[in-house]
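Quick heads-up: it's one chain on its own, the form predicted alone, in structure tokens.
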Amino acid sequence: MKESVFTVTYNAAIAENTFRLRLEGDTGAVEKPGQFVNISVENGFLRRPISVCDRDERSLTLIYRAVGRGTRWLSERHAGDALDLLTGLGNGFDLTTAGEKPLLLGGGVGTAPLFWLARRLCAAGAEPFAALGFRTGAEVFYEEEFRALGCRVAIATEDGSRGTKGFVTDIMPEAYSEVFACGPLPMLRAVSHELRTGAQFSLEERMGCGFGACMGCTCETKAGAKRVCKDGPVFRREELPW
């Protein structure tokens, strides 16, 4: 974990209530797709945890929904503004078991951390399939960005306004080597019941400190209670009591 000041270089809406934020600063502590940062917001007692969508040597790309006071304040930041971040949080995905045809399942803003993962997998020679689910067509983001990486992409929306009417479980391909999923807990449970392979799930939980001290984001696993921010957010399917 590292505390650093980052500078906003871009911050704009890319879908309904969904924003892309690019920050310039020291990204050395962010090493693996699936890790997250914790951002200090004005007049906020708690920082806001946001998954890393993409990363290079000098910048981070984050995607977030403006749904509360803290994230609405974040959506109003402009190029040149400074933000205080804790970086290098969480364990991230394990790419070594991905195989040749990994399946990436994203639900809503849970799509974001799968983009850096997809880029890494494509660079390693894999052929990812990205199945992305949203509530409405207005909330869809990064479909073309995944395609540009070389991924096959399918979209599902609950109201049928874009892609297939339904959920990510309705657009999963027949064959895949390993599953990487991030999204709401009901989605992850439903996905788990459909799988025939190994899987890694990135869990979404409300976090206090973001680095394991407060115990506020514990979840039940087969080995007992674990902290999503410190022991996760990525857990293997066999660890979870579903």
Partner chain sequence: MVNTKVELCGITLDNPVIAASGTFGYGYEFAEIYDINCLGTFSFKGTTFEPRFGNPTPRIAEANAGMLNAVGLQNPGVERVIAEELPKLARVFHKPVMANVSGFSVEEYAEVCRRLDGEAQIGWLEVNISCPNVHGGGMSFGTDPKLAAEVTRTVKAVTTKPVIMKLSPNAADIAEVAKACEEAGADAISLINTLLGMRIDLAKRRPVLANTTGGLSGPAVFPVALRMVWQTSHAVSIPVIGIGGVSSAEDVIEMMLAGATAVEVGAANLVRPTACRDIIDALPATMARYNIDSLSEITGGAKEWEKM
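Worth saying up front: this structure is predicted, and the values here are computed from it rather than measured. Positions refer to the first chain, counted from 1.
There is another form of this protein, the form predicted in complex with the partner chain, and it is not shown here; the text below is about that form.
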{"item": "R20: touches the partner chain in the predicted bound form, heavy atom cutoff 4.5 angstroms", "value": "no"}
{"item": "The partner chain contact at A175 in the predicted bound form, heavy atom, 4.5 Å", "value": "no"}
{"item": "T218: touches the partner chain in the predicted bound form, heavy atom cutoff 4.5 angstroms", "value": "yes"}
{"item": "4.5 Å heavy atom contact, L86 to the partner chain in the predicted bound form", "value": "yes"}
{"item": "Selected contact from M207, V30, L188, I50, since only one has a non-hydrogen atom within 4.5 angstroms of the partner chain in the predicted bound form", "value": "M207"}
{"item": "Among 176-184, 199-207, 51-59, 22-30, the region lying within 4.5 Å of the partner chain in the predicted bound form by heavy atom distance", "value": "199-207"}
{"item": "Stretch 1-37 - residues with a heavy atom within 4.5 Å of the partner chain in the predicted bound form", "value": "M1, E3"}
